[in-house]
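Single chain ahead, written as C-alpha cells, the form predicted on its own.
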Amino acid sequence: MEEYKVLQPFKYFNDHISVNVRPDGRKFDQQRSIKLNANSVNTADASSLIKCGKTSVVCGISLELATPKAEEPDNGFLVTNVELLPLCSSKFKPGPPSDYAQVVNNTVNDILKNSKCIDLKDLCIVSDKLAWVLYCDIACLEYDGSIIDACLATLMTSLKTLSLPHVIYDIETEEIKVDVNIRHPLKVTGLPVATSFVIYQSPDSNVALMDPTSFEEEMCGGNGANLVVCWNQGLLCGIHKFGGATLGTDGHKKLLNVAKERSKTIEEVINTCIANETSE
C-alpha cells in the first residue's frame, strides 16, 4: 500500500476519496487528535506546545521594554515570528524564511489583529515613554499540515497564560524599576481559532477536507491549506483563501458551520489546558 502511495499518489488519494474516506481513515470533517501543554519552555515568559496529529508547534513569548512609536504613543508592540525549520520537514531548507513561512506568519498576524483579542494600549506603561514588546516566536518541530491552526492555538494559549511584571517609571529621572514578584495577567479578549481546509477537485464533485495532512495539501495543489476559516467565540473574524478549487454557496455554508463547531472544541481544549496549569 505504501508503494502504491509513492508510485501513484493521485490515484491512491482519489481511490480513498471516491469511497468517502481519507487516506488516514478519517471522515471528511474529522479532526485529528490534539495534545496541548502550557509553560513548556522554562526560559520564556510564557509558552506552549501543541501536537495536532503529527504536526507539532511550540510558541515562546519573551518580554522587552521599548519606547512607543511616535505615531502611536499609547501603543505597545506585539511581534510574531513563525519559523518552519528544516528539521520539521524536507519541504523546508536552511536559510532565510521561505515565502510560505512568511505567508503563515502574516496570516496568523492578520487573524490576531482582526479578532482584536489584544489591545496594544494595554501594553503601554507611560504614554510616549515606555511600553512592553511581546516577541512571539513560533517554531514548527514537525510539519504534517494545518500549520496555521496549530500556530494560532499555541500562540493564544501562550498569550492567555502570560503575565506582565509591575513596572515603575520615574518621569523626571527616566529610571525604570521592574518588580518581577508583582505580575499582572495580560488582558485577552476572546479566543480566535483557525480551521484549515483543502478542496479536492474529484471527477464527480469538489470535496472539502478539514484539518488536512501535508499529503492531502499536496494532492489538492497547494503548499498548505486552500482555505482557512477563523471564528472568535461565535463571531466570524476571517476567511483566507489560498488558491485551489472552489465550492458552491451551500458548500461554503457547510464549511463555515464545520469550522464554527470545531472552534468550540479547540476553545475547550485551550481553556482546559490553562485551567489545569493554573490549578497545579
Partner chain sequence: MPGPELLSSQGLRLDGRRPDELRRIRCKLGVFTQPDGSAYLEQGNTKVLAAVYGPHQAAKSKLSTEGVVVNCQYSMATFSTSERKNRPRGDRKSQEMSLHLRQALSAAIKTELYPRSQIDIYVEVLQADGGAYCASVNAATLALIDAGVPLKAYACACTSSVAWRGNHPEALLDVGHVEEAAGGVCLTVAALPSVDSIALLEMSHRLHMDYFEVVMSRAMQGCKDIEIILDKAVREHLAEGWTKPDVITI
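Numbering follows the first chain given and starts at 1. All values derive from a computational prediction rather than experimental measurement.
One more form of this protein, predicted in complex with the partner chain, exists but is not displayed; see below.
- Shown without its partner, this chain lists I171, I182, L87, I168 as candidates; in the predicted bound form, only L87 has a non-hydrogen atom within 4.5 angstroms of the partner chain.
- Using a 4.5 Å heavy atom cutoff, E64, D137 and S214 all lie near the partner chain in the predicted bound form.
- Look at 129-137, 195-203, 182-190, 150-158: in the predicted bound form, residues with non-hydrogen atoms within 4.5 angstroms of the partner chain sit in 129-137.
- For the chain shown alone, D122 is not a contact residue for the partner chain in the predicted bound form, no non-hydrogen atom being within 4.5 angstroms.
- The partner chain is not shown here, and in the predicted bound form it never comes within 4.5 Å of any heavy atom of L255.
- Remark: K51 counts among the residues lining the partner chain in the predicted bound form, judged by a heavy atom distance of 4.5 Å or less.
- Within 4.5 Å of any heavy atom of the partner chain in the predicted bound form lies no heavy atom of S33.
- Of all the residues from 152-184, none has a non-hydrogen atom no more than 4.5 Å from the partner chain in the predicted bound form.
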